[in-house]
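First, one chain by itself in structure tokens, the form predicted on its own.
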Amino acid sequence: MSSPVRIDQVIPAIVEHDAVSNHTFEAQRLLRGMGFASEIYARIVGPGCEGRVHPIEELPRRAEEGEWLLYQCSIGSPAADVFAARPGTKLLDYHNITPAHLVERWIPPLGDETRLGRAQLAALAPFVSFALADSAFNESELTTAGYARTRVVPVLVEGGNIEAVPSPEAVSRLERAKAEGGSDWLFVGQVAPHKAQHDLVKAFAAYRRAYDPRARLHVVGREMGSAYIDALRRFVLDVGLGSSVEITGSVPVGDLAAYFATADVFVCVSDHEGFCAPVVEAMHREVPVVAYATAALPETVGDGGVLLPEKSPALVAAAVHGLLSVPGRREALVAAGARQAARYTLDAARSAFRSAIEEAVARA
């Protein structure tokens, strides 16, 4: 096994405003900064990524001496087969794969893709010399799948998102609503079954009924298929929440920053998260976090937020009420969140990534 002169990346799909895609672009910048040639090859290239990414069909079928491949693994895809078939040294970066039972009712093809992804993850283990994982939770799954050499490298959260200036127009609109009273809940992430926005709406309804009838909920993120988001919108109307719940879809980074700037609390009741970059952004932007303690969330949130052992609507509502009503509670959590977020700065993640690549090369 020779030391690399180039480390190219393979990814099933790459799109704008997506955590794994942002991570892949940042990884490319780091690899080039370390002196390696590095290109990205994707089976699906989303709008806005053209010119920065090559179609996977352009990936050379034969590897020259010193040419390595790094696979960004988060779903089942024929891209994994292309990666496996190419000779040469292989690395893998694991972002977790959602269990099929959490998504297949609403998006049957996605259930098939996640099952395939987990099968491919295990099948790739004998061919991968070194693997990275977003979290210790993800690393434990790599170990179970048969990966012998692993290292935790947090998601490379895109600096443009963290440092983006809030859009004045969006802030003005959100502050006009806030002036009428009531708190603002925020959740950022794909509108998808495993993110459990339906459970978030239940908790929000309980909160409005018990504590704050003028509260608002903002659900920000692109939808994954139409069936779930259509049902979610119907559910919002059926429980009488109407205009108090805003489901925005994908928004520009300035608007996203405005939602964080005007939020009183970030509430996450996802059933599955391999890391959850928006939680880190919330803590960084001084928005206190309430989260259901499942999958990687206890690790990501740490002592920086309120972690709940279950997510009944009454418990989530009471946790938010306590956070916002007890004097000094919100401020204490903001400070704790800032300390936790400091563990996941882009500089810290960059350093961990470089160190992992250096270890992989040294082992070669």
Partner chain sequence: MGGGSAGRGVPAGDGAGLVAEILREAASEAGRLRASGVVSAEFERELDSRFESAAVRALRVPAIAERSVRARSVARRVVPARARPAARRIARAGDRVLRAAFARIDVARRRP
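Numbering follows the first chain given and starts at 1. None of these values were measured; they are calculated from a predicted model.
Unshown form predicted in complex with the partner chain; subsequent notes refer to it.
Colleague: Just one of Gly46, Pro298, Gly66, Pro313 has a heavy atom within 4.5 angstroms of the partner chain in the predicted bound form, so which one?
Modeller: That would be Pro313.
Colleague: Here the chain is shown alone; which of Arg176, Arg234, Arg149, His101 has a heavy atom within 4.5 Å of the partner chain in the predicted bound form?
Modeller: The option sitting close enough to the partner is Arg234.
Colleague: So if I measure heavy atom distances to the partner chain in the predicted bound form, which of the stretches 66-74, 52-60, 301-309, 33-41 falls within 4.5 Å?
Modeller: Answer to the contact question: 301-309.
Colleague: Should Ala227 be counted as a contact of the partner chain in the predicted bound form, where contact means heavy atoms within 4.5 Å?
Modeller: Yes, contact at 4.5 Å.
Colleague: So, Asp238 and the partner chain: in the predicted bound form, are they within 4.5 Å at any heavy atom pair?
Modeller: Answer yes; at least one heavy atom of Asp238 falls within 4.5 Å of the partner chain in the predicted bound form.
Colleague: So, in the predicted bound form, is Ala206 in contact with the partner chain at a 4.5 angstroms heavy atom limit?
Modeller: Yes, Ala206 is a contact residue.
Colleague: Any chance Ala338 has a heavy atom within 4.5 Å of the partner chain in the predicted bound form?
Modeller: Taking the distances in the predicted bound form, the answer for Ala338 is no, it never comes within 4.5 Å of the partner chain.
Colleague: Can you tell me which bits of 326-364 touch the partner chain in the predicted bound form, meaning any heavy atom within 4.5 Å?
Modeller: Residues within 4.5 Å: Val326, Pro327, Gly328, Arg329, Ala332, Leu333, Ala336, Arg339.
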